[in-house]
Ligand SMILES: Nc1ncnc2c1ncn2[C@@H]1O[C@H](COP(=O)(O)OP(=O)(O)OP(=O)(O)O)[C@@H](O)[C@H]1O
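The form predicted alone is given below as one chain in structure tokens.
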């Protein structure tokens, strides 16, 4: 099988809209709500007059006191995912790992702290590798501040809801492959990829939601998760005219990973 060569990742500069000057930020409300986190739209006004929009993904407390979620600005309660397969490669102290495995109060605190750390780290690595992901601006106490995909009128739709032409579907698949090659060449697997965590905005396909991303070198489930990711996206692209040979793409990506 021919494996397309992957050029070494070039250093990627921070976006031009990220200015080095004083600023003020205002929350404009909730963009979306997930099982364990909510995304808020942030307006950043720089001293020089420029304004940019950012997305602030904030993780909810895992064991909130009565009224705490509402006081912190969250709209929904938390529904926990079964995350043990993703946490296999996380680096815990022996005490923390025991607490996580036995679901103690301390273990919940460890997980609550680790999700934003993990997401920021994976976003930075994906960005550096050349994958199409939101630019990671900074990690906050309870989440990650990142590039907002959209404009003042609307947020970018998920691929599952976007209405693409035949040509746009083909272009989206090409971009999908480019990002997957960049990720796997960097030793990473998204781990939860589907048309619901891909965005389409102005001819750009963007991968989002990376806290559960895993590494080939630290997680033995990485190949299985990669194969599942491919099956999920192929199930969306296939009926729209892109014939995806999952096994062929899987073999190519494994070659890049190893």
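Computed from a predicted model, the values in this text were never measured in an experiment. Positions refer to the first chain, counted from 1.
Quick note: we don't show the form predicted together with this ligand, though the next part is all about it.
Shown alone, this chain has one stretch from 44-52, 22-30, 190-198, 229-237 that lies within 4.5 Å of this ligand in the predicted bound form by heavy atoms: 190-198. With a 4.5 Å cutoff on heavy atoms, residue 158 counts as touching this ligand in the predicted bound form. In the predicted bound form, this ligand sits within 4.5 Å of a heavy atom belonging to residue 134. The closest heavy atom approach of residue 61 to this ligand in the predicted bound form falls outside 4.5 Å. Contact between residue 74 and this ligand in the predicted bound form is not found at the 4.5 Å heavy atom cutoff. In the predicted bound form, 134, 146, 147, 148, 149 are the residues of 113-150 with at least one heavy atom within 4.5 Å of this ligand, listed from first to last.
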